[in-house]
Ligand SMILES: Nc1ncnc2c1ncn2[C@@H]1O[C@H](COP(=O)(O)OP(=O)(O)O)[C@@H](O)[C@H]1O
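Shown next as structure tokens: one chain only, the form predicted alone.
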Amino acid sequence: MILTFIIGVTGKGGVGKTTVSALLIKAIIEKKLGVILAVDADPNYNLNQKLGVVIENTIGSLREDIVKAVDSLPQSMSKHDYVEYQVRMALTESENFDLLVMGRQEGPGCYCYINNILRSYVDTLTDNYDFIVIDNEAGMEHLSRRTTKAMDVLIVVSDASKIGIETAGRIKKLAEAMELKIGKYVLIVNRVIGEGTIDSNFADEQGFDAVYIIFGDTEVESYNAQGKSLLLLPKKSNAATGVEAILGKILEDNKNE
């Protein structure tokens, strides 16, 4: 059985959390660390664009169709088997990673039974991967519903402002209040303009296990503006090398425990 390392990434809108998620995936690929499942759990999903892949279906868009179909299935197919088949249809496979987009829940009505099967299957699916990178919304709705297993690390991304860092601290407290099983909490202050432009003491006071900085990168901004895959960024990219170094420190810390 594969010992899967699960990384969750969250943060308020506009701080670059999806960019950080994509760059983490890029680093894992380039380091040849293992098989990756990327999960986009933000209803306003765009991780696929930053990874340069086209998606056909999301779990959210399939829910309503599944609800309509499960009561008229042939006797030879169980509800669980049918849901599993549909989830496989929503899984986008590429050369270096697989991508599962959760999306929004479509339509009214009760989805409890289907959601339970989905959670069970997604948890089973994750056992096939060495790494799982989950791009979450700031409210961490999917985590609160226990869509995924316990995480080894939750990365909260912030901009360099004091308000942004304080918001990151509140997101950490939200995760703690949910009693989620999280090994470590990491703060990444993103798009820092230069040395001394953030209040390091204030960042440390938010109670994270580690605080890291990613300096601003015009090349990343250009790629995002043009809709180009961040996997194509050159190795000299400041943001890419910064995220790669952060990943290395996270994995090293985990190994030493």
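Given the structure is predicted, the values throughout are model-derived calculations rather than measurements. Numbering starts at 1 and runs along the sequence shown.
Another form, the form predicted in complex with the named molecule, is not on view; read the next lines as being about it.
Enquirer: Among 30 to 38, 197 to 205, 53 to 61, 214 to 222, which stretch has residues whose heavy atoms lie within 4.5 Å of the named molecule in the predicted bound form?
Expert: Of the options, only 214 to 222 has residues within 4.5 Å of the partner.
Enquirer: Spell out, yes or no, whether the shortest heavy atom distance between Gly13 and the named molecule in the predicted bound form is within 4.5 Å.
Expert: Close contact exists here: in the predicted bound form, Gly13 approaches the named molecule to within 4.5 Å, heavy atoms only.
Enquirer: Leu233: heavy atom within 4.5 Å of the named molecule in the predicted bound form?
Expert: Answer no; every heavy atom of Leu233 is more than 4.5 Å from the named molecule in the predicted bound form.
Enquirer: Determine whether any heavy atom of Leu247 comes within 4.5 Å of a heavy atom of the named molecule in the predicted bound form, and answer yes or no.
Expert: Flag for Leu247 set to no.
Enquirer: So in the predicted bound form, does Arg191 come within 4.5 Å of the named molecule, heavy atom to heavy atom?
Expert: The answer is yes: Arg191 has a heavy atom within 4.5 Å of the named molecule.
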